[in-house]
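Below sits a lone chain in structure tokens, taken as the form predicted on its own.
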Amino acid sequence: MAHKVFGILNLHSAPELGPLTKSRSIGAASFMGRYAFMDFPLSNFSNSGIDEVGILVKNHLRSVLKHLGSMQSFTLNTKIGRHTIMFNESAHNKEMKNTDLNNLLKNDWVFFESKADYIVIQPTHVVCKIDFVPLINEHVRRGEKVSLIYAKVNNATKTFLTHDLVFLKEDYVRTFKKNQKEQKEAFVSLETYIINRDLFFEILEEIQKVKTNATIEDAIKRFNGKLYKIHAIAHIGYVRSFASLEDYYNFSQEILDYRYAHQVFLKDWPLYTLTRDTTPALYSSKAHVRNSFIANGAYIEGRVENSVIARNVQVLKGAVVKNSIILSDTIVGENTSINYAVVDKYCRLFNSVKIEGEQKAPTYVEQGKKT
């Protein structure tokens, strides 16, 4: 990338996915068997040549560190690239003070050491491919100060419920409005921004004068039409926002359909993640697998249909897994039956147990459950 850019991955702004994020950050939550949510924006940064990245962590720091490892999986230029965990230790248990803005200000030394001219911000709960190179080039060519990435959706009464709707005048954001399920077709903010560095810190300083617990998004929206006009750039392509356990289940099931899978897993846009030296998935001669994602290290001896099986999961003889998501290192014992469920890590499900949920309300099995 010709321009010097600093990427911010914002884990503060993400909603909770029910019990799945009770003890882990959504950024570190498993998705499609071998990835975590944060892999998608971090891969966007890497594929766009953004090698300086700050990761704003709100809580559950351990889960983030565990997933990222050395962080070299996401750094294409290991000589000058750097990924920095940004965590506000003094405020992590104080809800009102534990904002992304305060976190960033507590870790502003990262920016003092950076020569970046532009800041890119992306949340972790929005899954999509964004090539920032042409977007930043457009931002610079037009002489913009702030650019917002938005998407046109036709189901805003059911999805993107935690996002703002944006109303445009020509190529600029006129107003923001919270999604109140009133419009089916709408332009929604993807909470993804390109901002000139000097302006970025100016608006962070100004917002603190009027709101002590403000967020970065509060600051950007507050001064629209005053210090700048927010330039709007449309995102074209697959995009999903995850705001609940039901979203997690439904969108995982959706990607089992090739029509959607090939929009997420692209040949020219690699998804980087922490690699583990595990064996390929192993199938016994009696295994039956249909329309499923099976991660490396899995052992399948039973029947798996319309499901996502994560790393090192065992589905033993006579076991049946349908319409479910099984997270890492779980053992589905002989003759166990699972349907419409999300089973967390390290479970041991034996004794021919039967776990049955519903398509619109999948059952959740807590981490480490034993039967």
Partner chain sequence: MNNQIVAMILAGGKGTRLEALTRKIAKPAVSYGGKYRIIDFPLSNCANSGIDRVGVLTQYESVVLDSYIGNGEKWGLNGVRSLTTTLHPRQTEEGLSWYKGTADAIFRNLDFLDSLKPKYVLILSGDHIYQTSYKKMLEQHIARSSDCTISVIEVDPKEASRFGILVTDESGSIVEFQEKPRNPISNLASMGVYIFTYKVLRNALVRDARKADSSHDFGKDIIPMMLKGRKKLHAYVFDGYWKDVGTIASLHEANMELLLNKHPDTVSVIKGKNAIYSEDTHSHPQYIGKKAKVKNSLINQGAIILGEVERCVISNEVVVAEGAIVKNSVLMPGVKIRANAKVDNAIVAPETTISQGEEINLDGEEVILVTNRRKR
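Numbering follows the first chain given and starts at 1. No experiment lies behind these values; they were computed from the predicted model shown.
Same protein, other form: the form predicted together with the partner chain, not shown, and the subject of what follows.
Every residue in the set M32, Y35 and K286 has a non-hydrogen atom no more than 4.5 Å from the partner chain in the predicted complex. Here the chain stands alone, but in the predicted complex its contact with the partner chain, taken as any heavy atom within 4.5 Å, falls in 262-270 among 262-270, 108-116, 147-155, 126-134. At least one heavy atom of L256 is located within 4.5 Å of the partner chain in the predicted complex. When the partner chain is considered in the predicted complex, F187 lies well away from it, no heavy atom lying within 4.5 Å. A residue is said to contact a partner when one of its heavy atoms sits within 4.5 Å of a partner heavy atom; N291 meets this definition for the partner chain in the predicted complex. Proximity of T279 to the partner chain in the predicted complex: non-hydrogen atoms within 4.5 Å are present. Among Q208, S244, N250, N296, the residue placing a heavy atom within 4.5 Å of the partner chain in the predicted complex is N296.
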